[in-house]
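A single chain, nothing else alongside it, follows as C-alpha cells in the form predicted on its own.
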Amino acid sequence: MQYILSLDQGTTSSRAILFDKQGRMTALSQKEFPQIYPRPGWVQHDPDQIWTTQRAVLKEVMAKAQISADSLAAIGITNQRETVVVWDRTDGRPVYNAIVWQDRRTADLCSRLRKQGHEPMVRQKTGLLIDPYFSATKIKWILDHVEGARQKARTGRLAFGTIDAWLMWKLTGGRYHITDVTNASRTLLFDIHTGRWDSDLLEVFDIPEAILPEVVPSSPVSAQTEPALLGRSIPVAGIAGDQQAALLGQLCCQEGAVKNTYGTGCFMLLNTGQRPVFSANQLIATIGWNIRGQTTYALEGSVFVAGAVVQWLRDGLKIIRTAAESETLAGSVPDSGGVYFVPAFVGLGAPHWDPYARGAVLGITRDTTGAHIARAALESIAHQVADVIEAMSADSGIPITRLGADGGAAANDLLLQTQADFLQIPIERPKVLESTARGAAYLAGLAVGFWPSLEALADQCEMDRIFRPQMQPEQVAQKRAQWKEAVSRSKKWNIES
C-alpha cells in the first residue's frame, strides 16, 4: 500500500496527513505551536518551533499508520503564505523570528511606497497591492533592523524563504533553497506574467537578489529528503501555498469554480483559467498553480480574521471553553440582537485593505448577552466572505452560483447556514474538509504518477452537506447594509498622529 504524505504547515499548528489513492485521509497528526505578539499588531513565530513540530508530526503520523518510508510515494508541502523567514546559509539558523502574514508593522512603509507612486507598477507585475500582508516589506524590515543582516544578505550569506522554502531547506539538510510559483507570487517580488523574480521590484523594496530561492513549478519532483530523516530519501514532489492547494484540493479545476477556506482567516479563490483578472475592487490576481508547464491563475480575496475571532471568544473574552462551543452558544439565541462585530484585530483585508482599522462591537444594549456577541462573531465571518464574493463576481463578470467550503470552521453548521443566507446561494461542504493538505497531496501524486491526471481525480470530491438559503432577501439586505455601516466605523482607527 502506497501513500502520499502531505505536510500542512499552518498559522497555528503543523500537521502531517497521509492520503491513499482514493484521496481519502488515512491518518493525521497535529501539533500547535506558540504565537508571539511582541507589540500590538506584530505577529511572529519561532522558525525552529515550526520545523520541530513539523518533523514531529511527520514521524508521528507514520507511526500511527504503522508504515515505513517504503510506503511513501512522495511528500507534498503546503504552507501559510507570505510569512517570512531569513536564515544564515552557513549554520541554518534564523536571524530573526518569522514575521507572520498577519503582522502589520510595515504599514507605514507601505503607505510611503504608495505615496511615492510605486503601486501601479507593482500591481501590474505582481497582481498584488502594496500591503504589509505580503512578504517584501517584512524582508526589508528584517534586513534593516537585524544588525549586520543587510551586509550578509548582499554577499549571499543569508537566505530568504516563505515557509515552504524553510521546510524544504530543513527536509533536505540544507541542500535545496527552493520555492514554488504560488508562494513566489505572494512576495511582491515576482512577475506573474514572466514567472521570474523581477529586478524593478527588488529595487523598489531594496532587497538583494542573492537571498532569493530558486522558483520551481508546483508539481515536479523538486528535491529528495535527507536520508537520515526517514531512513531513506523520499521525493518532495509538490508545493503550493495553502489557499492554492485548497483550490486544487476541492478540484476547482475549471474556470469559474470558487472555494472558501474557513481557517484562521478566510481565503476565497476563483479559478480564472489561463488569464489573470485584475480587480477594480482591491482583490488580487495570483497564480493558482503550474502543472506540467501550464499556469492556472486565480482571483483572490483574503479576510484576515475568521476562525481567529472564535479563538478570541475563547482565549480573550473567555465566554466559551472550546471553539466548538461557539456554535452552541450562538445558536441559543435566534439572532444577534442587533449586535455587529467587526473583527479587525489586525486591520481589514479585501476588499477594504485598511491596515489601520481595528475591532469594534456595535449595537450593544442592556439586553446583550455573551450569546449575542458569539452570534455576531460567527455572522462577522459570513459578512466578510459575502463582501469578497460580491467584489469577485463584479470583477470577473462571472455570476457565482455556488461556493465550496473547507477548513476547520467549515464544520460549524450555523456558520455555513448563515453564509448561504447572506450570499443567497448554496454552500457545499465536502466530506473531506482537509482540502489544503489534499491539494498538496494531489500535486505530489501527479508528479510521481500516483494519479495519472487531474481528470482522474474527478470522482474524489464527495459532498457531506449542501446548505441552501433560508433567510428572506429583504432581511438579508437589511443585515448587509447594517454590517457595512459597522465596517465604516472601524476604519482608520489606529492612525498615529
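So that the term is clear: the rigid core is the largest set of C-alpha atoms that superpose within 1.5 Å between two forms. In this text, residue numbers run from 1 along the sequence as written. Since the structure is predicted, the reported quantities are computational estimates derived from the model, not experimental observations.
Note that the form predicted in complex with ligand ADP isn't included here; everything after this is about it.
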> Within 4.5 Å of ligand ADP in the model of the complex, heavy atoms considered, which of Ile207, Val258, Val342, Ala409?
Replying inline: Ala409
> Among Leu283, Ala308, Val86, Val236, which has any heavy atom within 4.5 Å of ligand ADP in the model of the complex?
Replying inline: Ala308
> What stretch, of 91-99, 149-157, 261-269, 332-340, brings heavy atoms to within 4.5 Å of ligand ADP in the model of the complex?
Replying inline: 261-269
> Ser326: heavy atom within 4.5 Å of ligand ADP in the model of the complex?
Replying inline: yes
> Does superposing the core leave Pro132 with a CA shift of 2 Å or more between the shown form and the other one?
Replying inline: no
> Taking the rigid core as reference, does Gln282 move its C-alpha 2 Å or further between the shown form and the other one?
Replying inline: no
>> Does His118 move appreciably between the shown form and the other one, meaning a CA displacement of 2 Å or more on the superposed rigid core?
In response: no
